[in-house]
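Presented as structure tokens, the chain that follows is alone, the form predicted on its own.
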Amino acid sequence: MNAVNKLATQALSVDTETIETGTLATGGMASAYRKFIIKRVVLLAVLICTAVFSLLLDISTGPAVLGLGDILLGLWSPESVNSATQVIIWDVRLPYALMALVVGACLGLGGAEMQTVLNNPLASPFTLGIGSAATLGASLAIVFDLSWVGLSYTYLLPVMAFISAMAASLIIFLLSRTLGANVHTVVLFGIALMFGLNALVGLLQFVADAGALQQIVFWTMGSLARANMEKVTLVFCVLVICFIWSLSHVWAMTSLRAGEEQAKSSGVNVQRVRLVVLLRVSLITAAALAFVGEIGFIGLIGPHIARMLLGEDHRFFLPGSAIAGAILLSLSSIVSKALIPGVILPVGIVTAIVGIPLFISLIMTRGRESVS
């Protein structure tokens, strides 16, 4: 009997130790998870503050010298500054600076989703030829007289760019749905479409007169000069809708980053998620490019910055990519106005100058990782 009691006491001791160890382990995991969340929330807050500072700096940059104090006073209390300063801040610089933020956010968010669903860190919203399609639509509006549709030229150009970009997206969407939405199929469709659309743009440039040719070239450079508050509001509304839509797929996309087979084993319909994301990226990219023309590399670089800071958890990665894209384009806007005094360069030129060396470094880094 004593032996039985002794064994029972030992078993109870072992069970107690196991429970205590499990409790400690669970508590440690909970503490680590809280630190994980807090760190990323703080990083997102830092990115938001950086974006706000970049916005103010962008507004203060330009031919007319305005200090940061004048900008803050003019934004907070417009009646406290003279009429000329009011016009510069509210009618000229604020729409320009806000357009840089919202377009950069659109491209950053689109790039993050593209890199996830295509499982390719070098993917961007231009991978599927959406940028080329927008250029084709704008070129058609420039070369041919479409005034019979009843729209002013100010809105005819972006509407044609938007329609063409969405048409290209619909073609890829339908082909992918019919023949399968695996990564290689979608990318090959996009590359083929991009080359075909570029050929059509080249044909339009060949037949265009000198004035139309100059406008097409200016479009392909990308510029924020056509911005106004109405256009900013339209792009911002599309951004908000697509961002909320993206949040409904954060767990599926986070699972997809662990591998397609892993995502399928977790119950994710990979093909459906991929098609929905491609449609969403097409919408947000078309809206962004419709008013500013082609602006490259933001959708490629922004997500990489967010990934380095926030990791692959898409609850933080997606908003981080949007904010990083907004900061990059805002800083590019500042450089475009400050690089040559008195001259505002097309912002697409600045993003290309900065983006090309970063793109090459990404390729080299990826190559070293593949070798190792």
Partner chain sequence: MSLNIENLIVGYGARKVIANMNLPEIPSGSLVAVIGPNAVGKSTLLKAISGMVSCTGKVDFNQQDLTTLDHHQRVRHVGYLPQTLPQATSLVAYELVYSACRAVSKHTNVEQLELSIERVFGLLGIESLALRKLAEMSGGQRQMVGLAQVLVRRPKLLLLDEPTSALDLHWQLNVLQAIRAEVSSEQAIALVASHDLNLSLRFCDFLIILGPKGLLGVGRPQDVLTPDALRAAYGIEGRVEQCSKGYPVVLVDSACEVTL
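Please read these numbers as outputs of a predicted model, since none were measured by experiment. Residue numbers count along the first chain shown, from 1.
The discussion below concerns the form predicted in complex with the partner chain, not included here.
Asker: For this chain shown on its own, do R40, N119 and E261 all sit within 4.5 Å of the partner chain in the predicted bound form, going by heavy atoms?
Answerer: Yes, the whole trio is in contact, each within 4.5 Å by some heavy atom.
Asker: If the cut-off is 4.5 angstroms on heavy atoms, which of these, L156, V268, L204, C242, is the one near the partner chain in the predicted bound form?
Answerer: Selected residue: V268.
Asker: Out of the stretches listed (42 to 50, 55 to 63, 332 to 340, 304 to 312), which one is close to the partner chain in the predicted bound form, meaning heavy atoms within 4.5 Å?
Answerer: Contact criterion met by 304 to 312 only.
Asker: In the predicted bound form, does K231 have a heavy atom within 4.5 Å of the partner chain?
Answerer: Output for K231 is no: heavy atoms all beyond 4.5 Å of the partner chain.
Asker: Does the partner chain come within 4.5 Å of any heavy atom of S176 in the predicted bound form?
Answerer: No, S176 stays farther than 4.5 Å from the partner chain in the predicted bound form.
Asker: Going by a heavy atom distance of 4.5 Å, is V238 a contact of the partner chain in the predicted bound form?
Answerer: Close contact is absent here: in the predicted bound form, V238 is far from the partner chain, nothing within 4.5 Å, heavy atoms only.
Asker: Given that the partner is absent here, does T254 sit within 4.5 Å of the partner chain in the predicted bound form, heavy atoms only?
Answerer: Although the partner chain is absent here, T254 would touch it in the predicted bound form, with heavy atoms inside 4.5 Å.
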